[in-house]
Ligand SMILES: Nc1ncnc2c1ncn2[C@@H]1O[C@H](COP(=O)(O)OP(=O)(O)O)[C@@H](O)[C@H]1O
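Encoded as structure tokens, the following chain is the form predicted alone, with no partner shown.
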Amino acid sequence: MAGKTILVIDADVASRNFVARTLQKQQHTVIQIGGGKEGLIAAWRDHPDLVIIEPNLPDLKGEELASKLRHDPRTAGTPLVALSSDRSAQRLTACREAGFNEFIAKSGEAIPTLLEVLDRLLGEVDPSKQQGGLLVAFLGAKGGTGTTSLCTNLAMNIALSQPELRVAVADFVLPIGSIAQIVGYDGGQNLATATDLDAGVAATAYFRDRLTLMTEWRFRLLAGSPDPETANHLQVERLRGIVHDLKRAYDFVLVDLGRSLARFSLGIIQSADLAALVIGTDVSAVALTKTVLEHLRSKGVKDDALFPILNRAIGLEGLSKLDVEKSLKIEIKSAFPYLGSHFAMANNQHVPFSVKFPNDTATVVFRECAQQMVASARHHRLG
């Protein structure tokens, strides 16, 4: 998506400059205009690939500006994004009716949302999906389903079964990461420090050479945010770039998103070779998973890019694999038995389950699931 020309029309100089700097970091050419009438001329003269408009303009309402752009053959097909300080439902409706493709309210989530929207509207496949290592995003619809534990243990089994692969795990769970506690990492390097890297740093080389190797786990780790205060200052807009750099540095990258479906998470899921969806067996977990599936499908994530995993984390009770498949109308790719206290014991001792309990039935399931995930990710990349 880099290298596009984007016109930003906003009377607020500070807001306009902030958006422009963000887009320039993404290697875009940015044209800044402070008024609607001047912006209309610039759009017709400079032929931008996309226009971002603050609808609350002093000289020409954003809706009128959008309508004029839509009715002129020079800009009729140009994507238009409303980045509005007015969050009212009336403004949203007016912008949609005027011809805006997207409406984004100015907030703390506005920039990650904007970057995701640009990826989609500019109509290009995320280059991080087409180059570098395979990417698997782990997510669950409900807490307590074992998403993080499965992510770490499957990463270990991938590295164990294919020692020629360089494997990395990144903890993107906010506000507090949890992989460090499972694998026994207590270093100072984490997601927040990674987003603070100077733009001039050769990030791919940094991640390749500086991430800590968790020896017993056989992968290198980018730990999550250590506390909520650190997470509050984390530069969320850099997270997708970090994923891209990790993919260039490693053969296989697993990103734990937990149960977050924040807008930055959606972009990562959309660009992943595989999305491992961890499902609990209780009724509420299945109901929430159905909602998540509908959302992902509405955002263009195909079922063949999903890898549903049923994890009987709460005990022997709960829905069967067949019940879950009927409810969700999707095939469960792998099902883990109830592991009882064994899983907690292995996690508390910072040891992979397959090392702690090599003869347990679940160890075989981990191995087979890991192999299937690698094959599915490769198949999806090629297909």
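Start at 1 and count along the sequence shown; that's the residue number. Predicted model only: the values in this text are computed from it and were never measured.
The protein also exists as the form predicted together with the named molecule; that form is not presented, and the subsequent description refers to it.
Stretch 342 to 350 is the answer when you ask which of 320 to 328, 342 to 350, 35 to 43, 59 to 67 has residues with heavy atoms within 4.5 Å of the named molecule in the predicted complex. Although the partner is absent here, Gly146 is a contact residue: one of its heavy atoms lies within 4.5 angstroms of the named molecule in the predicted complex.
Within this chain, Ala313 lines the site of the named molecule in the predicted complex, having a heavy atom no more than 4.5 Å away.
The named molecule in the predicted complex comes within 4.5 Å of no heavy atom belonging to Arg120. Contact annotation for Lys142: at least one heavy atom lies within 4.5 Å of the named molecule in the predicted complex.
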